[in-house]
Structures are given as structure tokens and as C-alpha cells.
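Single chain ahead, by itself, as C-alpha cells, in the form predicted on its own.
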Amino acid sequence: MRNYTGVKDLGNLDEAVKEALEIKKNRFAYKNLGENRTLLMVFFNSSLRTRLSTQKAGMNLGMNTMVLDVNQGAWKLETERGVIMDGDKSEHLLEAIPVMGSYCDIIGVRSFANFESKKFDYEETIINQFIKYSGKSVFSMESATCHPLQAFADLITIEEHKETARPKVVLSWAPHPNALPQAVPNSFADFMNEANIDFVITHPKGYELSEQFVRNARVNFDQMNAFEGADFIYAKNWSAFQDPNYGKILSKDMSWTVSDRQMAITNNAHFMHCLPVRRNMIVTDDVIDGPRSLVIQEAANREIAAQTVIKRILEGLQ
């Protein structure tokens, strides 16, 4: 595997999950792969789980790891061509990227949507510049439109905890005070559509996701109806995707907060969320603290997802 930006890069998804579960049994079995190799992790945005889990994954594989926080430890970077750089940005990404590439073997990039231009965001301008100009393998630690490491960890978690061969999995919009990107729900839908599950997306009207990610999922505007018989509930907020409301908050309807009321009509469903979570907006304390909550387990599996991806990239470098 050269680069990792979405589910298609993993090839056979069942085999990828099996490989991840084998890695989880012995995280240091492939330490020789990363010997004398360097992983550079570049963050344009804040991170807790992604930073720690990915750095640990690289270390498990014997790699040297470096972390660059662009907003705190580097020059401010311009990202677009044709700009007269007479403002507060001292360096262009087009020079910075090949310089970064000269110091490492693999680059992980985290850069959120800026909501200033839907075209800029959905063309994945920043991560694609890294792929084009770094000369090194690149993987997404969350981009403007996708978070494939999170979705891979989510699928691993579902595989570990499912109690039926083909569980019903529901992705539910929930309220939030801020406008959030569509990256997590996009990638979750991307993965669930390729997995052997019964997949439903529920959200208020106006929060439709891009068809390239929704694909064969059933979309239900009635949350309570969607939750009936569900085995897994994945709650997540996202802002509007459709024009002319791209990046906007259309509703903060608290009736969509996942509570005991909704969970009572599921099939004793597990609750999932990528974290960080706004308690009593996205989900009530009772649900997230309950015995069917998997938020810690899926966060722990971020290490395993990242290690599987980096391992495959390292194998391609041999």
C-alpha cells in the first residue's frame, strides 16, 4: 500500500480486519519493519487520540517518530497557489512539503475542513499536495472530508463486539454547539457500506451527506424509527453538506440527543462515538457511562488501526 486515504486502499476489508486483530494479539511482532525508518506526523489541527495512538503505532513497529504541530511549532503556511504572500504566512506548503519529505519515510497528515470553500475541502487540496509533492507515502490522520483511521478502528470494534453475523448499525446525527466537518460520518459510511452489516443513517432533513459516501445506506429522517432493533448506535454531529448551507448549523434539536429513551427501543445496542464528545448534547451521561458503551474500546483500537495501515505501507517500502 502506497498511500491511505479511504477504505478502498485497504483492499479486501475482511482480510484487513483479520490482520488488525492478529496485530492486536502481539503489537511488537513486526518491530523489524520500522527499524531505521522515520514517521513524521503533521498536525494542522488539535488532536489527542490520533496523535497518541498513531505515535504509539509507529513505535510498536520500531519506527522513529516525529511530530510537527504546524500552528504551534512552525511558520504559518500558505496552502493556495497564486496568493501574494504579504500577510502573516511566511512559508508556502509547496516548499515545506518536500522539505518535510526529505526528513522521513512516511508522513501522516491531519487537516480539517475550513468551510471557506466546499471545492477546496472536497478536492482534499492539502493532503493531495502532500501526496503529490512529498515523494513519500502519505496517510490521512483526518482530512477535510474523511477520517479513515477512525472508521477502520470503528469497524474493528464492531467486529469484536457484534453478537449477530450481520448487525444493524445506525449512524445518528446529534446536536452540537459548533459547526463540525463531515469527515467522521463520511468515513464511517464509507466503511459500513463495504462491510457485512445492515446500515442506516438518520438525521434531520438538511443534513444529507454526499452521495459518494451514503451510497447504499438507508436514510431515515425519523430517529426513533431508525433506532428500532439496532445493534450498534454511532452518534456524531456534522454540519450541512448541501449548498447553499455548506458548513452551517441548521438545527440544535436536543430531541436528537441519544438518551435512554432512544436506546430502549434498540436491540440492547452498543453505543459508539469517536470522541471527544459533548456530554448531554450528543449523548446523555447515563448512556455513555453505561455498560453497553464502547467509546473507550474504540479509542483504544485507534492504535491498532493505525498500526495496520503503517505496517502495510512499510511492507511496500521493503
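Predicted model only: the values in this text are computed from it and were never measured. Note that residue numbering follows the sequence shown and begins at 1.
Beyond the structure shown, there is the form predicted together with phosphoric acid mono(formamide)ester, which is absent from this document and is the topic of what follows.
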Item to complete: Check each of T284, S47, T266, S293 and return the one that places a heavy atom within 4.5 angstroms of phosphoric acid mono(formamide)ester in the model of the complex.
Response: S47
Item to complete: Flag G62 as yes or no: does it have a non-hydrogen atom within 4.5 angstroms of any non-hydrogen atom of phosphoric acid mono(formamide)ester in the model of the complex?
Response: no
Worksheet item: Looking in the model of the complex, any heavy atom of L250 within 4.5 Å of phosphoric acid mono(formamide)ester?
Response: no
Discussion item. So in the model of the complex, is phosphoric acid mono(formamide)ester close enough to L68 to count as touching (4.5 Å, heavy atoms)?
Written reply: no
Worksheet item: Taking heavy atoms and a 4.5 Å cut-off, does H147 contact phosphoric acid mono(formamide)ester in the model of the complex?
Response: yes
Worksheet item: Want to guess which of 25 to 33, 285 to 293, 272 to 280, 251 to 259 is within 4.5 Å of phosphoric acid mono(formamide)ester in the model of the complex, heavy atoms only?
Response: 272 to 280
